[in-house]
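Here you get one chain, nothing else, as structure tokens; it is the form predicted on its own.
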């Protein structure tokens, strides 16, 4: 079972086995089934190489994204899970795509379209170095100043997918806003600027322990209002989000609505 070579006999990683068992026995409180709903989830940090041994990154563990992926799968959704190099093991998913950089994540997201719902929980690095060094940058004995790194912006995956004006745009695009100051004001501005449908805002100031931790305290922002959730473990936050998606799907089905991208 653990030959490590190929085929169905290869054993999954122990962390993945534990995650699968926990997901199987999790009672996700959703208002309806997500059977057949195609959902894309991004998760974890991205690593932007400086040289072969150094990189720029965010302090994301990937726990919230993994919890969302697990809750969606438990509710019957067809999940494509695109993850950077996260600490948390990936959840069960129909399709798992592992990436390192923001550009790789962008390409994986585009390749996964079309989907019905896209949830961008990854903490994507906003910048990368303009020129990655082929060898390790050495600190010379007579060096009087640190090397100067020129940074350029990475692709804005959330904004690009939110603003698609073709059938490739998911019917529901959900972003995340990890803030340390003026959390709700910054999140409201981000919701308008990115033109996504929903935004999950959370305070990741160091004293909260949320970034990289096991709990989260989130506020759901939509065009119709805001809903603050209490501090919960990240599995419970994921369950609440999946329940909201189930309500959204049921309402659309009831009304027979068609989707038009926001202008």
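Positions refer to the first chain, counted from 1. Nothing here was measured: the structure is a model prediction, and the numbers come from that model.
One more form of this protein, predicted in complex with a small molecule, exists but is not displayed; see below.
Residue contact with the small molecule in the predicted complex: residue 187 places no heavy atom within 4.5 Å of it. Heavy atoms of residue 107 never reach within 4.5 Å of the small molecule in the predicted complex, leaving it off the interface. Shown alone here, residue 155 lies within 4.5 Å of the small molecule in the predicted complex, counting heavy atoms only. The small molecule in the predicted complex comes within 4.5 Å of no heavy atom belonging to residue 81. Heavy atoms within 4.5 Å of the small molecule in the predicted complex belong, among the stretches 129-137, 113-121, 84-92, 163-171, to residues of 113-121. The contact residue chosen from 38, 194, 47, 234 relative to the small molecule in the predicted complex is 194, the criterion being a non-hydrogen atom within 4.5 angstroms.
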